[in-house]
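Okay, here we've got a single chain as structure tokens, the form predicted alone, with questions on binding and movement later.
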Amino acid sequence: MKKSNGLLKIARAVLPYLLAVVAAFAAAGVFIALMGFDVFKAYGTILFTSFRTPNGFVQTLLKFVPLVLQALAFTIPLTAGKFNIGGEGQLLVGATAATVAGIVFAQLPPILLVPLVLLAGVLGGALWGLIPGWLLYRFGINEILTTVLLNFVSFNLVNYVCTGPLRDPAAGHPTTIAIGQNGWLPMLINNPPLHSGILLAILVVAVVYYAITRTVSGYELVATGANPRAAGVFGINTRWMFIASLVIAGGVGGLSGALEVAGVQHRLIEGMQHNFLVLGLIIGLIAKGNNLAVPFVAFFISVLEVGASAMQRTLMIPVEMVFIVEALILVFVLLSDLVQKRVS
């Protein structure tokens, strides 16, 4: 009886999401049909490209790594009632710090250089998260404004590094020289290539979930987000909680940049942030800030992203159509929440 009740609860929790996905695909399908494309071929390509070949599945996992970390960089401060819109900047600063460490200390053995590169990325991102945290603590400046503006600062920082003394003169695009090969992440498989960063990303998800649900600090973070005034009355230093959430989020965002450098690009490239910020926000909002739900949503969005690229190559349908689908999923999830609240 208990088992059936548990399954019923899971079904009730998942059903609104499934309906939101179906509604989003149905709505976007109307646009695809009006554009003169085959809706069934388009959705078949989007949903199944990741599972048709080993290369497609590996590409999905590689996309999953930065997306899940960027989503966590958004949901961790959200737990404390704060909005980190600077995940992209934290990724870039983390990637920059990882690249500099990988070039300067290129002669170190792998057992030292790989951790150093990753640590540099984490510290770089955490420092970038500390800035809006300190401005919020000291002057009460809204973290949304500062994190957004710091994104633009990071764009120029990357441009300076990629066109400055670390520039690769042989590259046609602004990029640095490669980090030392000893700083590259070990590979899980070589053909198709999959680096070990995915294990680290999953470990970070587990640690964040455990820390928030099983530790005193996690409880204080949740209490701060639920009602900061009441949390303060019970002795929780809410202002420190705000700063800590932004610094930790920055470290996670910086790690996503370091993994891109050490596992995929092996150098800093201007524009390497792609649309990770927007996708991270969408994942975090669809997951409604639930850190346990984040990896599942991130994997689904990764499937859509890989499928979108294949759809553009094979059917000539604009890849932006997937952005419409993702935005519609978010809209329908929010609508389902509103309906459930009014019904209850």
Partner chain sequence: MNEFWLTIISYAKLILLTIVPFVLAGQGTMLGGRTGIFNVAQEGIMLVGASVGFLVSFLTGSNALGMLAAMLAGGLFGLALAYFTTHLRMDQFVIGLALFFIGVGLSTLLPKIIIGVTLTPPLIPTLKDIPIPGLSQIPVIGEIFFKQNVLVYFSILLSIGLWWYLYRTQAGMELRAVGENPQAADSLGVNVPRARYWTAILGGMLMGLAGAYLPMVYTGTFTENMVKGRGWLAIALTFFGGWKPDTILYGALFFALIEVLAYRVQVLGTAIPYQFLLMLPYLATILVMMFSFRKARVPAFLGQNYDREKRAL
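Bear in mind the structure is a predicted one, so any value in this text is a computation, not a measurement. Residue numbers count along the first chain shown, from 1.
The same protein also has a form predicted together with its partner chain, omitted here; what follows describes it.
Flag Leu330 as yes or no: does it have a non-hydrogen atom within 4.5 angstroms of any non-hydrogen atom of its partner chain in the predicted bound form?
Yes, Leu330 lies within 4.5 Å of its partner chain in the predicted bound form.
With the cut-off set at 4.5 Å between non-hydrogen atoms, does Leu334 touch its partner chain in the predicted bound form?
Taking the distances in the predicted bound form, the answer for Leu334 is yes, it comes within 4.5 Å of its partner chain.
According to a 4.5 angstroms non-hydrogen atom cut-off, is Tyr160 in contact with its partner chain in the predicted bound form?
Although its partner chain is absent here, Tyr160 would touch it in the predicted bound form, with heavy atoms inside 4.5 Å.
Since only the chain is shown here, I'm wondering whether Phe105 would be in contact with its partner chain in the predicted bound form (any heavy atom pair within 4.5 Å).
Because no heavy atom of Phe105 falls inside 4.5 Å of its partner chain in the predicted bound form, the answer is no.
Name the single residue among Val204, Val114, Ile85, Val122 that comes within 4.5 Å of its partner chain in the predicted bound form, judging by heavy atoms.
Of Val204, Val114, Ile85, Val122, the residue with a heavy atom within 4.5 Å of its partner chain in the predicted bound form is Ile85.
Find the only residue in Val148, Leu166, Leu130, Leu199 having a heavy atom within 4.5 Å of its partner chain in the predicted bound form.
Comparing distances to its partner chain in the predicted bound form, the residue within 4.5 Å is Val148.
Tell me, please, which stretch of 152 to 160, 95 to 103, 114 to 122, 248 to 256 lies within 4.5 angstroms of its partner chain in the predicted bound form when heavy atoms are compared?
Stretch 152 to 160 is the one.
Heavy atoms within 4.5 Å of its partner chain in the predicted bound form is the criterion; list the residues of 275 to 296 that meet it.
Contacts from 275 to 296: Val278, Leu281, Ile282, Leu285.
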